[in-house]
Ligand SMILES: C[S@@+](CC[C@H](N)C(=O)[O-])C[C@H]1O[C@@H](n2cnc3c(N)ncnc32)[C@H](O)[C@@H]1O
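Quick heads-up: it's one chain on its own, the form predicted on its own, in structure tokens.
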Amino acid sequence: MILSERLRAIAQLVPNSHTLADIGTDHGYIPLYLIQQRRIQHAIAADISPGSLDKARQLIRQHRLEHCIETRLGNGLSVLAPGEADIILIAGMGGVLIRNMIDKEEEVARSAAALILQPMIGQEELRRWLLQNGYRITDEELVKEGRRIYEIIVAIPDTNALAYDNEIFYEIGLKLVEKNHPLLKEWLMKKIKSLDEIIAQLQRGKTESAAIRMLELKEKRRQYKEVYHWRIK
């Protein structure tokens, strides 16, 4: 099984485990890959879409791995019982949706050794919620696929986890800064460029709300550049 850059980066963060639950599995590529690599013994591939789950089932049958990978139709973590999965993977969804899934099935989420999360948007909201609700972020990864850079977050249940002192790390990801990730420079420059474009648009506005928003974004841009100059050599 050959994975895309994004899926391979997610798979590489999965530790050797007994059971992986892939929520929103789509075609089931990651569970199949990890079984083939003998990194996991068993997988639960779940999806809310019957069509996606049928594609996963076809792929599993094609590789004769029905005894290792079971499929479940359902919404979020409701397909799991507490303690059923060592690792829970949720990828390719919005950060707020991922947050809501974890919050709704708290007992299931906390029974796993780790959560591997790949939000498409809403990364700041997800990081903030995790740290404020008894999870510790142990690792983060960036992966480039095409023109886009994706963020991956690894979190574990930990009621002693502390919030970040600096608000900017909810957006950037403290672990990425600490290890000076190879994609950090490019990723920060993309964020700064995006802010510059929004600020330029706001400068043409004459409303008080536009002026307030512009000041907020300028402060955020200053923080991005501060991190850039601090970590990028």
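For clarity, every value in this text was computed on a predicted model and none was experimentally measured. One-based numbering along the sequence shown.
Same protein, other form: the form predicted together with the ligand, not shown, and the subject of what follows.
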Margin query: To test your reading of this chain, name the stretch in 33 to 41, 196 to 204, 49 to 57, 179 to 187 whose heavy atoms come within 4.5 Å of the ligand in the predicted bound form.
Written below: 49 to 57
Check: Pick from 133, 111, 75, 138: which residue has any heavy atom within 4.5 angstroms of the ligand in the predicted bound form?
Finding: 75
Notebook entry, point to check: Among 63, 191, 27, 175, which has at least one heavy atom within 4.5 Å of the ligand in the predicted bound form?
Noted result: 27
Check: Does residue 20 reach the ligand in the predicted bound form, with heavy atoms at most 4.5 Å apart?
Finding: no
Check: Might residue 92 be said to contact the ligand in the predicted bound form, defining contact as any heavy atom within 4.5 Å?
Finding: yes
Next item on the list: Report whether the minimum heavy atom distance between residue 101 and the ligand in the predicted bound form is within 4.5 Å.
Entry: yes
Check: Any of the heavy atoms of residue 6 lying within 4.5 Å of the ligand in the predicted bound form?
Finding: yes
